[in-house]
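Have a look below at one chain only, the form predicted alone, in structure tokens format.
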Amino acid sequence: MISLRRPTLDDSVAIARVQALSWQATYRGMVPDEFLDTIDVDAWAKRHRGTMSKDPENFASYVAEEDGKIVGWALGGPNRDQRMIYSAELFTIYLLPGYERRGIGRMLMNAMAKALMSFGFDSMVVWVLTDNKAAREFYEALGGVYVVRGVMDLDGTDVPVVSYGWRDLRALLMATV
């Protein structure tokens, strides 16, 4: 059975592992193999510990667990691009390979929508790799509407991205139940 909870500093290695394995399984062929093959889980865990130890206001983070094992993670907060009309941003949502299409992503999106609404946010945007068809279909199925194209700098390589938005987080919340 899957359960959600707020992460602790002790979860940073498991979160980094989820993110790294998800990147390596999902982004192969979309980002340089050299980047994927040299992901340093310990360095990512250190970065996550630093972010979590600051406990910034208006940031929401959840982990999904099955039998005590962290299998998913999501993080959201204030939109980093103030030029956009969306007040919040989903920064990350990752699942371990093999845990897709089990409703876990939907559970995490539901928790994020509730948390962000509780902080006073009313809309949300997410950026996704242009070639990540599965993620794009996931966001579209939850009512996300295409917003704009962009480019993400990944270790000196420009990777094309697109954004999806929800002008009303209540609609996202309804789509996740």
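This one's a predicted model, so the numbers in the text were calculated from it and none came from an experiment. Throughout, we count residues from 1 along the sequence that is shown.
From this point on, the text means the form predicted together with a small molecule, which you will not see here.
*Asks:* Can you pick out, from 110, 58, 132, 123, the residue that has a heavy atom within 4.5 Å of the small molecule in the predicted bound form?
*Replies:* Of 110, 58, 132, 123, the residue with a heavy atom within 4.5 Å of the small molecule in the predicted bound form is 132.
*Asks:* Would you classify residue 62 as touching the small molecule in the predicted bound form, given a 4.5 Å non-hydrogen atom cut-off?
*Replies:* No.
*Asks:* Should residue 26 be counted as a contact of the small molecule in the predicted bound form, where contact means heavy atoms within 4.5 Å?
*Replies:* Residue 26: contacts the small molecule in the predicted bound form.
*Asks:* Does any heavy atom of residue 86 come within 4.5 Å of a heavy atom of the small molecule in the predicted bound form?
*Replies:* It does not: once the small molecule is placed as it appears in the predicted bound form, residue 86 has no heavy atom within 4.5 Å of it.
*Asks:* Decide whether residue 141 counts as a contact residue for the small molecule in the predicted bound form under a heavy atom distance cut-off of 4.5 Å.
*Replies:* Yes - in the predicted bound form, heavy atoms of residue 141 and the small molecule come within 4.5 Å of each other.
*Asks:* Would you say all of 80, 163 and 165 touch the small molecule in the predicted bound form, counting a heavy atom within 4.5 Å as a touch?
*Replies:* Not a single listed residue reaches the small molecule in the predicted bound form, so no.
*Asks:* Report the stretch among 151-159, 5-13, 18-26, 165-173 that approaches the small molecule in the predicted bound form to within 4.5 Å, counting heavy atoms only.
*Replies:* Result for this chain: 18-26.
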